[in-house]
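We've got the same protein chain twice here, in two forms, each standing alone as structure tokens: structure 1 and structure 2.
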Structure 1
């Protein structure tokens, strides 16, 4: 059983997919960074950023539904920011009486919370489009191009290649566990929590040992093929002038929007 559904890459004949991965990588980082640095309440700029992210989604042909559904992933984290509604000083919007204590929602707090939610939402969309429109080898190429240390890039590559193998391994372990456990829908699973945790821990330990053994075998196979501690790779392909222009235009647009927002809303 192969769990290819773990790979978020979706092959589509789109402009975004065809874009040089290095350009995509840098622009994605720049977009998310711009989003992070935008001041609170710069709503027109936020809407522009949303327009950009939705345009990228449409251009990538991934389907708006796919991206929008997944972009809600970070939503539960908003809970951490909800207290802002009450703690940020500002004009009062409404008061919620809770027992003897009354909580006042302030306009400033609401604006801060909504800004955070919006920023997070738009950033996730762009990250999703990047992940779904860039194959993993392309991502590695982009990482090499931005001069990440070679060791980290090769570790990334190894992790990715063996992730599916070990995920299969984990699924087999879980299948073996469920084959040995009776379960009835709606009833409490058997054993104490301690016991269940110990069993799961055994699976994790098993997975670890297997991965260590596999690591040894992989090393032996690599050594047999001339591995000497240095991972060699092909030189990076040249960047076309179109890619340079795309990169430059994108960066100028993002920096422009950021400066604009800082000028008027900071």
Structure 2
């Protein structure tokens, strides 16, 4: 049993799907790098980048709801930047008393935090469009085509495939637990919180052992069939002139926006 909902790829007859995977990979990296290098507070450029991201979403025919909903998954990771509210010097906006201590929220810290949140959110949108418009084998081939090290590509491929192995094993464990559990009408099923934590810990340990054992069997089977870490397939077709023009125009646009932002907001 495979967990198909973990795979973001969605086949569509769109221009983004038809674009060469090497071009999509390079432009995605360039977009994310541009977002990371944009100076803090360059909000007009941020809006232009968001517009570009939404335009790519529309061209990919994935649906704005599909991409925007999943891009919110990046926001919890931005919580690591919350201390910037109190550590970056600047005009004070708010003072929060915490016992004998007080934390002061600065305008500069708030602007930096909002900039990080916005840039992360838009970058995840573009990454989702790339993942949903490019099949996983094409992603790996594109990585190797742009001369990424073989080890990195192999690790990425194995990590993605073993996610499904872990999900398969987790579902088997949950199904086995349900088959061995019962509920009596009128009584609360399960035990105390400590008992539930013990059961959950046992399931997690069992999942780790079973996944490790299954992973070793899978690798042995791959090695027996000649796997040496290299991805082999039919050669990719030459990049068409249209794809080259798309790549060149995209890079020029991103570099131009970055230089404009650095000139006026750096």
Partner chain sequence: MLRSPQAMHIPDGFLSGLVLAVCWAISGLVIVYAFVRVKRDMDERKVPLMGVVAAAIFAGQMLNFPVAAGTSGHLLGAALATILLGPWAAVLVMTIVAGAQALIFQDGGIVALGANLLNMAVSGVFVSYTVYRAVQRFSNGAKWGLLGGGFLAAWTSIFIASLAAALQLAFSGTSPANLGVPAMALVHSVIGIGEGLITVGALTFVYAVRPDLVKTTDQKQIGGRVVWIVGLLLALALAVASPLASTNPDGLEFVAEQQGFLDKAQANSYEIIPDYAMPGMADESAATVAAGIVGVIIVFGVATGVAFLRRTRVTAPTSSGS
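Residue numbers count along the first chain shown, from 1. What you see is a predicted model; the values in this text were computed from it and never measured. Here, rigid core means the biggest group of C-alpha atoms that superpose within 1.5 Å across both forms.
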Just one question: which structure is the form predicted in complex with the partner chain?
1
Could you check whether the CA atom of residue 131 moves 2 Å or more between the two structures, using the rigid core for the fit?
no
Superpose the two forms on their rigid core, then report whether the C-alpha of residue 148 is displaced by 2 angstroms or more between the two structures.
yes
Superposed on the rigid core, does the Cα of residue 203 end up 2 angstroms or more away between the two structures?
yes
Can you give me the Cα shift for residue 212 between the two structures? Core-superposed, in angstrom, one decimal please.
8.5
